[in-house]
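Have a look below at one chain only, the form predicted alone, in structure tokens format.
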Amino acid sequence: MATIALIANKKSVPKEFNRVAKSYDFATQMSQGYQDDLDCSAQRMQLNGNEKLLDLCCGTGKSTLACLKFLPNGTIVGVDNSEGMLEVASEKFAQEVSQEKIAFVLNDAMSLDFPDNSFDAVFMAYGLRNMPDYQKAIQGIYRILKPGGKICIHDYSLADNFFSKIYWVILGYGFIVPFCTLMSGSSRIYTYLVKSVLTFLNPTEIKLLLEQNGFEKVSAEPHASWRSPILHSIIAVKKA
């Protein structure tokens, strides 16, 4: 019942991430290729290296690290709505924060507190799926992106076939929930993860959502090996 409540009211999701913030990095380290996948999506953006990038739903900063590798002369603003996750991220990147290379901000992705045309790029890992209103979230991102700016949505988005759904159920309930519960001591957010993926948009639907809200040059690329049916990078450009 608790997981169903989270699906119905996603505004409660950040509080659940607060519960697992301290153990989140350890749990994801045990997931083969987790950081490599983030790095791959960041690379697929083909950044110039001097952009001002918004790492939306940055969590503990694993996506921040991925983007940082491709921004030698750029800056990153990491935004999340979980105080606990941001606390971990700020500790990990204390040096970069002091150098004003990275800034972490508590903000709701559904109502971003930035002026129009503020960022050259937006990276959103495992975030859109947690939004109460996908279209409103995309419209907010479009507003704060500069014309010609890029967005990358990195998320568990199941390929549009029966196999991918069965595969995810087996992986989710057979490994993710029991293992991450053991590592973190909490099952609620990980059970929610599995269920939220099953109700999330497929890659074709995400592409359509972006196109309908002003983005162009939209592509969806699967990740390698066993993750190819379930994990995708969707990249698009705001019309100049």
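All values derive from a computational prediction rather than experimental measurement. All residue numbers refer to positions in the sequence shown, first residue = 1.
The following text describes the form predicted together with a small molecule, which does not appear among the structures shown.
The small molecule is not shown here, but in the predicted bound form it comes within 4.5 Å of a heavy atom of residue 38. Using a 4.5 Å cutoff between non-hydrogen atoms, residue 107 counts as a contact of the small molecule in the predicted bound form.
Contact between residue 157 and the small molecule in the predicted bound form is not found at the 4.5 Å heavy atom cutoff. A residue is said to contact a partner when one of its heavy atoms sits within 4.5 Å of a partner heavy atom; residue 13 meets this definition for the small molecule in the predicted bound form. Partner contacts here mean any heavy atom within 4.5 Å of the small molecule in the predicted bound form, and among 95 to 103, 161 to 169, 145 to 153, 125 to 133 they occur only in 125 to 133. Between the options 34, 200, 173, 179, the residue in contact with the small molecule in the predicted bound form by a heavy atom within 4.5 angstroms is 34.
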